[in-house]
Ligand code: PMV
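In structure tokens, the next block holds one chain alone, the form predicted on its own.
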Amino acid sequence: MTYSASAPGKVILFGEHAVVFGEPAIAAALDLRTRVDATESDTPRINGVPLRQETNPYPYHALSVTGSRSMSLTIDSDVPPGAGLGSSAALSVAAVGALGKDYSDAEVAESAFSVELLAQGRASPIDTSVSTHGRAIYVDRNGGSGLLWSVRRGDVTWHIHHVDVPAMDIVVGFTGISAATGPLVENVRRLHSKYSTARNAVVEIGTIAAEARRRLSTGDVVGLGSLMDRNQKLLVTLGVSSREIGSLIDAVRPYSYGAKLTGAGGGGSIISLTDRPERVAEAIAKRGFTPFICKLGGEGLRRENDG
């Protein structure tokens, strides 16, 4: 018997790095998806090849976390790996969704978070929560209106809230550079501990995320674009931008309400909020980078047997 599930990639709209220090963040699902088919099997395989932890850690740990060691997985994805668009979270959520067919959404999100922790050594539940829920989420240190679920690890608790997101075009510009998240996060921690300018930047990023939640609820794309530009300047202050990111933002600025890096930085991708997605995509391609025209607020976890 085969069980199937799919889950979307994501972008961090606001709050990168600051969320590590307890500030709020907003993430939105994309209309790029990863699909996993899970079939009963004597020998676990991944796309027909024997499954090994070293080469496929996310499926390996998904089998372990769900207690489904006698299953083989077939994976098909249009979420580009290494682009900062949540490819590992989409894979983890889709795999857990297929294997844990009776799991609630909250159980899928938390189990997929465990998969990412086991595979990466460090993670937050933001990516797996938005991939499970879809649409958009607001992560805060406090529970409040629209609370979906809370995730706890040790003395840290993340409260995941639903956010209404209007239909908006977003263009992703992928630099082609995959920068390791860990060193970038540690460098921000170092700056935060030494310099008041970094601490102030972190607090302001959190303030921007809170304001962006209100702007999303009213569909104020002009205001959101302005907040994205402010957020990007603060991320430059924290040292997580790069020459390539700066080049992309310069290229798309004439056609965008706002633009910023998404994810850890150091490479990865930028996002542009725009009503001229083809012009933005063209500008990105002319700089030698890869554009993806996407819609915000994609559907979350989808199981084939959900009907």
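Quick caveat: nothing in here was measured; it's all calculated off a predicted structure. Start at 1 with the first residue shown and count on from there.
In what follows, reference is made to the form predicted together with this ligand, a form of this protein that is not presented.
- When this ligand is considered in the predicted bound form, Val151 lies well away from it, no heavy atom lying within 4.5 Å.
- Looking at Val19, you'd find a heavy atom of it within 4.5 angstroms of this ligand in the predicted bound form.
- Using a 4.5 angstroms threshold between heavy atoms, Thr181 counts as touching this ligand in the predicted bound form.
- When this ligand is considered in the predicted bound form, Ser72 lies well away from it, no heavy atom lying within 4.5 Å.
- With this ligand left out of view, the stretch that reaches within 4.5 Å of it through heavy atoms in the predicted bound form is, among 46-54, 28-36, 261-269, 241-249, 261-269.
- Exactly one listed residue, out of Met228, Ile205, Leu216, Ile126, brings a non-hydrogen atom to within 4.5 Å of this ligand in the predicted bound form: Ile126.
- Only one of Asn187, Asn200, Gln120, Ser77 comes within 4.5 Å of this ligand in the predicted bound form through a heavy atom, and that residue is Gln120.
- Along 60-90, these residues reach a heavy atom to within 4.5 Å of this ligand in the predicted bound form: Gly84, Leu85, Gly86.
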